[in-house]
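Just the one chain here, the form predicted on its own, laid out as structure tokens.
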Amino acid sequence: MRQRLLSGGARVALFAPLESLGRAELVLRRLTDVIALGLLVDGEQLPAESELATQFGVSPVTVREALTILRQQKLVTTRRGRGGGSFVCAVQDMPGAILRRRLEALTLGQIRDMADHYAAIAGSAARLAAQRAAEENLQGLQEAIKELAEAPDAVSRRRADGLFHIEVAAAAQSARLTREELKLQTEVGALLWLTTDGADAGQHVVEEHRGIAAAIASADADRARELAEAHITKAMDRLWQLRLELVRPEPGQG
């Protein structure tokens, strides 16, 4: 299935000015996150170095340094000559065993704290999106829902889920909320999908996304916030339960 590109509003948020200017590490982190999350698709061309520098609010030298590291990490490839530029190289999905080890390394207190933070961010973004979303934003939400509903595999489901939440944050017209959503997707997005498997995996997530999108489209800010917070809380509760199961002693032990 051909993956769709982010909406214009979401792309503006991805390349919004950085928190601190002049640091290649921040450019590197931002681009690494969006590539690893699959928000930029395989083969997609990045903006030119000068354009990236302007959008990020840094110097072209800083962007060039970050792109050099991305090439070394094989996250982008650069082609010279006519039609050239820097192009995204898709990353392989992180194996479930690695994700489970990452989950095992988290304490229950850390998961609870992460859940509180994520619910607050998602709820605020949905509330503001209901007040501020443009027609393009509403279309982006529907396309992300459609992509999730039709996703053929776990990798596609994770990407589509992350895409929806990024589109909600973009619809809130808040660069800071969008940056926080990106951080949370990097930190916990893949872990959440450890709790769903099978051919019908994620259908309940699709329905929850539809409810959030409908509240945003009808400009019902309180309902949008309520549904978004509940959506994240339920997902984090499932993650909490899985974390308990991963460390539960075998029968007859301890």
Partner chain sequence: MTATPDSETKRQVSNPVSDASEKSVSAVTGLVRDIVTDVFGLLDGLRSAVEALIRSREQEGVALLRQDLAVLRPDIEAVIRYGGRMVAGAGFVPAPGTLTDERMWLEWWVRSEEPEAVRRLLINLDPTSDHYVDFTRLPWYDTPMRTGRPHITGPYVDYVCTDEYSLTFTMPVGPTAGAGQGPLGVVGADIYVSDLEPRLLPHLARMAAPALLVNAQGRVVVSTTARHTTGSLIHHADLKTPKTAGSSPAPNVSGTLHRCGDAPLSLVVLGS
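Definition used throughout: the rigid core is the maximal C-alpha set that superposes within 1.5 Å between two forms. Positions refer to the first chain, counted from 1. What you see is a predicted model; the values in this text were computed from it and never measured.
Heads up, the form predicted in complex with the partner chain isn't pictured, but that's what we're talking about next.
For the options Ala217, Ala221, Val206, Ile69, the residue carrying a heavy atom within 4.5 angstroms of the partner chain in the predicted complex is Ala217. Think of it this way: in the predicted complex, the partner chain has a heavy atom of just one of Val58, Leu31, Leu227, Leu192 within 4.5 Å, and the residue is Leu31. Taking the partner from elsewhere, no residue among Thr107, His117 and Ile121 has a non-hydrogen atom within 4.5 angstroms of the partner chain in the predicted complex.
When contacts are judged by a 4.5 Å heavy atom cut-off, Val188 does not count as touching the partner chain in the predicted complex.
The shortest heavy atom separation between Arg159 and the partner chain in the predicted complex is within 4.5 Å. Contact check for Pro47: a heavy atom falls within 4.5 Å of the partner chain in the predicted complex.
The shortest heavy atom separation between Asn137 and the partner chain in the predicted complex is within 4.5 Å. Of the residues in 219-234, none comes within 4.5 Å of the partner chain in the predicted complex through any heavy atom. Comparing the forms between this form and the one not shown, the C-alpha position of Thr186 differs by less than 2 angstroms, with the core used for superposition. Put the two forms on the same core and the Cα of Glu49 is off by 2 Å or more between this form and the one not shown. Taking 2 Å as the criterion, Ala215 does not count as shifted between this form and the one not shown: its C-alpha moves by less than this amount when the rigid core is aligned. Here's the thing about Leu70 and Thr178: their CA atoms end up at least 3 Å farther apart in the predicted complex than they are in this form. One change in the predicted complex concerns Gln55 and Val188, whose Cα atoms lie at least 3 Å closer than in this form.
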